[in-house]
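For reference, the chain that follows is the form predicted on its own, supplied as structure tokens.
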Amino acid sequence: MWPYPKVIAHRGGGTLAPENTMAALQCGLSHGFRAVEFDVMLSKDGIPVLMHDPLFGRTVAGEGNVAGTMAQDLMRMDAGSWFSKDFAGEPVPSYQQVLEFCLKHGIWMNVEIKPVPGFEDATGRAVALMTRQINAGEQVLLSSFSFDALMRAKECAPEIARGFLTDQLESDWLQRLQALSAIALHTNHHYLNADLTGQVKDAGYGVFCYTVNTPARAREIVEWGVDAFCTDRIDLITHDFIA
């Protein structure tokens, strides 16, 4: 049900580097993590880039938004200074750059499709086709809170594995997993318990949790049968925490 790594570095480097950057991926790798999670959305010209927030102001300074900015301009922006002066000038990377880096270093990827509202189909399509173009499908699991984005990814590249993201399990979780031909349910560990974990597992799906930041909580959910989780605390929870 879950043939992938079991402990994943959240947004590349967790709390140790600016999220969704090449520096974060390097940081995770230096801590032994060959499995990462990161977010992808589309630029104005339809190029997938790594970014979590649709609006500027948190990880990228200034006003504006990702969907209204050309990729070449996004990739000149400083995505590191907000975190630390040591990372000043760290750019926004393209999805293609990250795919190529991860393939080179044998890093497995949980790629969260993060569409700006109204761009669900376009984002799902672009991410799926880029993953296929770079021939990275075997090292990628696509996930998203957007059912529509994942459905579009399924239509464009059905061979690439999918996991459905939901904050809490709703009554239709099984129907959605079936419609997506997904292999796993991804959910917030705060709203999960042993019984719900068992229901998903009994239905034949893997269970992945975000974002688990203490060893005690990690051990607890693993005892329930949770297959994998991502963590910000790559300094506290090692890549081989789950044997």
Ligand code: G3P
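All residue numbers are counted from 1 along the displayed sequence. What you see is a predicted model, and the numbers here were worked out from it, not measured in a lab.
The same protein also has a form predicted together with the named molecule, omitted here; what follows describes it.
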Residue among 145, 101, 173, 87 with a heavy atom within 4.5 Å of the named molecule in the model of the complex: 145
is_contact(residue 33, the named molecule) in the model of the complex, heavy atom dist at most 4.5 Å: no
The named molecule contact at residue 210 in the model of the complex, heavy atom, 4.5 Å: yes
Residue 110: touches the named molecule in the model of the complex, heavy atom cutoff 4.5 angstroms: yes
Proximity of residue 201 to the named molecule in the model of the complex, heavy atoms at 4.5 Å: no
Heavy atom contact within 4.5 Å of the named molecule in the model of the complex, the stretch among 177-185, 35-43, 192-200, 22-30: 35-43
Any residue of 150-168 that, in the model of the complex, places a heavy atom within 4.5 Å of the named molecule: 165
